[in-house]
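In the block that follows, a single chain appears as structure tokens, in the form predicted alone.
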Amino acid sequence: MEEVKKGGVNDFVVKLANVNGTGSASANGLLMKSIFRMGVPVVGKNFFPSNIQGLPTWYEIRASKDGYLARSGRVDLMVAMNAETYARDLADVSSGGVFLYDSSWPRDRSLSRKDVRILGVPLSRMMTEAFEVARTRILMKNVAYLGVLVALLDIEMDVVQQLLEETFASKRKLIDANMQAIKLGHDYAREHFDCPLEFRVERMDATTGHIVIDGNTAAALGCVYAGATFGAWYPITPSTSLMDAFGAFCKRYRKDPETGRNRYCIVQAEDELAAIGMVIGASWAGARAFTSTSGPGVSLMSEFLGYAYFTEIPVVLFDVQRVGPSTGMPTRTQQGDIMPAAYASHGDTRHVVLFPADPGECFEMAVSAFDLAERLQTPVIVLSDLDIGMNDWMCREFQWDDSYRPDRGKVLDAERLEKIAAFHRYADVDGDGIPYRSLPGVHSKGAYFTRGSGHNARGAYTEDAGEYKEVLDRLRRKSDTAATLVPEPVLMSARKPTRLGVLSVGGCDQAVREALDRLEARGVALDYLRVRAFPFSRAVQDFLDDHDQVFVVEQNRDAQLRSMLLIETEVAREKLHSVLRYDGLPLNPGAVVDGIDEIMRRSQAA
């Protein structure tokens, strides 16, 4: 196992243990944003139960002066607000760390460690004395421990107050109550403890030009930017907030300034099948339309996805992955939909899949997804995950180009339809596998029957073997064209030549990058290729050809990415080694290092 180092200035992890439903989220978010406002790179990970309230929940904040944004694999300061998880929380603290708890009630003396500093603060008693309403006391206890942390971590009080005033701008009483609780916790810590701790915050300038945002909100904003006007969905964790955010943005930006009428339509369907059916209909009619879901929804949508693939209707689908199979663990993260997304539906079906690694790419790939869907006339699936979609990430400010115009692809307008002798919907005129399409009602020459059953190049019904094979072969050519249009993979070369490589996708990226830095510090050099799309571009095959061993890092049990590499490329099976993590928690660099070390040890012993 890789050694876990101790925290230091602008390099530490705070983990906050609470009970779901007690209002701790706002206090935890305020702590993270305060660190960010002091110019220190930071990331927040929320681990919460799938019930409404009553079960344990944790929020993990990592500050990293070096800009690392993965889970570090250590806990320097545990804020234990749930007595039922004291033992577990204490065990999670790294040696030399701090365990902070509510000392309003006696603590079991067995819950102690010689290598961990125990700090007690009578938070509940303090809030009982300061506030009259019972619910307020519960909420303010969380705010009071924020005050303790402000003192222990040396966070500037002015930064906290500014954030409070921004958050509750129209609610002066809330600002005053929160500041009262923060000062109570802060003053208690300053009076009873040595403040600040050895791991603390010092002002930096490493967050300029960055924002804090979650992937679902970023993707929703990307949909607005791309020109999406229709969304249909059925609520499912962890994708619900994506459509919620899209609706909020549309209320602000998709209203006619003169009439006040909505210039968008969002429909909560009765189920996932209805949702994607509506999206297919809206896209067929010419709108930019999408749906958002998670793994169970993709399973239900598979037949409609195959229909859209075969009838060549643009569709955009956001799959925010969660743990499966079946209902699985709805509030835990995984990459279990890689193969189901790429090959969704029966028969020879291949979809375009984009793999964002962070909220910044969720925004960018939302735009790319709509352009690719219309240019290729096919479903495009943006494959995010719960960690990216629902957690707070620091990323660069989004680039907004007012000159951007959607790529509508090969759409024949009335003038062009008038000039041609005949319109054949599924004819490959240009040799790239992509036919020309028409929109309903534009011109009588553009009319055709959109059938999911066997059809020929003219769009007519057929069961002729040759005509069916001609359409299927063209769809494969279109997939080959897609491989030249999708986002290219990102290559990070080691500082010295190496025949060892790492290949990964999506939310594994930050953990892999940090793991490579740790391995390089030990003299182990590896090149890294992050795949950003399927079908795989030529660069993926080139990377596999250039390396003798490739470690494929992914978050699922059955090595789905590795399986697709074996199916879609000419790589030798013995070259690919799986580093797998599928416990539902975001990947940490230590797991990557340990996985690569173990494979290399086995290889050397053989």
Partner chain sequence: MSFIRKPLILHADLPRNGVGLTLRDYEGGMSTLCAGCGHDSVSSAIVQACWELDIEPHRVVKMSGIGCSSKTPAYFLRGAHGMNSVHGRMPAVATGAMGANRRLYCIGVSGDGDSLSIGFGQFAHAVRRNLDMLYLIENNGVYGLTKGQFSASADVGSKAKRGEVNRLRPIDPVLTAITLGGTFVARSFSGDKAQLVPLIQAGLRHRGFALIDIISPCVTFNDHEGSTKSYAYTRKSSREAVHADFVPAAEEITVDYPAGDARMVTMHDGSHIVLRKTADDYDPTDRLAAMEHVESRHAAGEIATGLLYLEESEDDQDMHGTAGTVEEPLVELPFESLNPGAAALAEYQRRLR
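Remember, it's a predicted structure, so these values are computed and weren't measured experimentally. Numbering follows the first chain given and starts at 1.
What follows is about the form predicted in complex with the partner chain, which we do not show.
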* To do: State yes or no: in the model of the complex, is some non-hydrogen atom of residue 551 no more than 4.5 angstroms from a non-hydrogen atom of the partner chain?
  => no
* Using a 4.5 Å heavy atom cut-off, state whether residue 547 contacts the partner chain in the model of the complex. => no
* To do: Report whether the minimum heavy atom distance between residue 400 and the partner chain in the model of the complex is within 4.5 Å.
  => yes
* Does the partner chain get within 4.5 angstroms of any non-hydrogen atom of residue 438 in the model of the complex? -> yes
* Which of these stretches, 142-150, 380-388, 111-119, 212-220, has heavy atoms within 4.5 Å of the partner chain in the model of the complex? -> 212-220
* Can you pick the one in 452, 235, 325, 431 that has a heavy atom within 4.5 Å of the partner chain in the model of the complex? -> 452
* Though the partner chain is not shown, can you say which of 169, 491, 91, 447 has a heavy atom within 4.5 Å of it in the model of the complex? -> 447
* **in the model of the complex: members of 298-313 within 4.5 Å of the partner chain, any heavy atom** => 303, 304, 307, 313
